[in-house]
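Here's a solo chain for you in C-alpha cells, the form predicted alone.
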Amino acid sequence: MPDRQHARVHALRDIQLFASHTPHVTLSESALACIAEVVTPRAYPAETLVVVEGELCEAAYFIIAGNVEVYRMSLQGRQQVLARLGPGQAFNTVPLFQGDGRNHASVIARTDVTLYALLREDFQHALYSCPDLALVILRDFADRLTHLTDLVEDLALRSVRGRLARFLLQQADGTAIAQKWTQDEMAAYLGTVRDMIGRSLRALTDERMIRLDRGRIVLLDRAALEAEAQN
C-alpha cells in the first residue's frame, strides 16, 4: 500500500463513524482502503464556510483536525446551532441520499480545519462496493435522528432556563466550564436570543446555582441545576 494511502487509512480509523466497537457494524480494512483511495484532503482557515445551506451537496466530510459548527439560519437572520463537531466526526452524509441533494445546513470552520472530502459519486460507488459501509451509514443516520429528536424535545418541551441548565451541565468539566462561550453563542446553540440567556444566567447566579468568574462559569449546585434542566 503506498505511503499516502496508508496514512489516509490510518486517519480514517480515527473517524468515529468507522471506528465502532460493535463488530457487526465495524468497517472492514478493505472498505477503509477503498475509501482512502478516493477521499480528497481539504484545508479551510478559521471562519471559512465549508458548506452552505440550500446549495447542492457536493460531498460528505470527515474531520481530521480542527472544529466546525453546523447551523441553520432563518429568513429573519436568527441562527440555530445544530452541532459543534471536532476531530473524528463526520458531516453532510444525509443529503447525498436525497432526491434534491441540497445541503440541510451551513457548516463553518471555527478553527483551521483539515477534512477528507468524499464526493457524491465516489460515496455512492463505495456503498455498492462495500456493503459493510451501508451498515455503518445506517448506524450514523440512527445517531443523527436521536440527536435531532433530543434537540426538538429541548426546544419544544423545556424553558430557556431549563435548556440553559442542561447545557451548562453538559459543557462542564468537573465544576467549571473551561471553554468560553459568549451569550450570543449560547443563544444560537439553545434556540433563543441573547437577552434571554443574560436574564437566565443572572437568575441562576442570584439563586447560587452558578458563579460567573472572569468569563468562566462555575457550577455551585449541580443537584439544583439537574432539577432545573427538567423544566
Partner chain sequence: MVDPWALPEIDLAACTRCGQCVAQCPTQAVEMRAVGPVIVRPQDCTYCTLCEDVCPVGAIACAFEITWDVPTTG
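Because the structure is predicted, anything quoted here is derived from the model rather than measured. Positions refer to the first chain, counted from 1. Rigid core (definition): largest C-alpha set, two forms, superposition within 1.5 Å.
There is also a form predicted in complex with its partner chain; it is not shown, and the following applies to it.
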The listed residue (168, 63, 60, 188) that reaches within 4.5 Å of its partner chain in the predicted complex by any heavy atom is 168
Its partner chain in the predicted complex has a heavy atom of only one listed residue within 4.5 Å, and of 40, 30, 205, 182 that residue is 182
Do residue 78 and its partner chain come within 4.5 Å of each other in the predicted complex, heavy atoms counted? yes
* To do: Please run the contact check for residue 19 against its partner chain in the predicted complex: heavy atoms, 4.5 angstroms, yes or no?
  => no
Is residue 104 a contact residue for its partner chain in the predicted complex, using a 4.5 Å heavy atom cut-off? no
Checklist entry - Would residue 13 count as touching its partner chain in the predicted complex under a 4.5 Å heavy atom rule? => result no
In sequence order, the residues of 45-70 that place a heavy atom within 4.5 Å of its partner chain in the predicted complex are 47, 69
*Rigid core fitted, then: does residue 65 show a CA shift of 2 angstroms or greater between the shown form and the other one?*
no
(message) Once both forms sit on the same rigid core, is the C-alpha displacement of residue 210 at or above 2 Å between the shown form and the other one?
(response) yes
If we fit on the core, is the Cα of residue 221 displaced 2 Å or more between the shown form and the other one? yes
Quick read on residue 189 and residue 45 CA atoms in the predicted complex, 3 Å or more from the shown distance, and they're farther
With a difference of at least 3 Å, the CA distance of residue 217 and residue 46 in the predicted complex shows the atoms farther
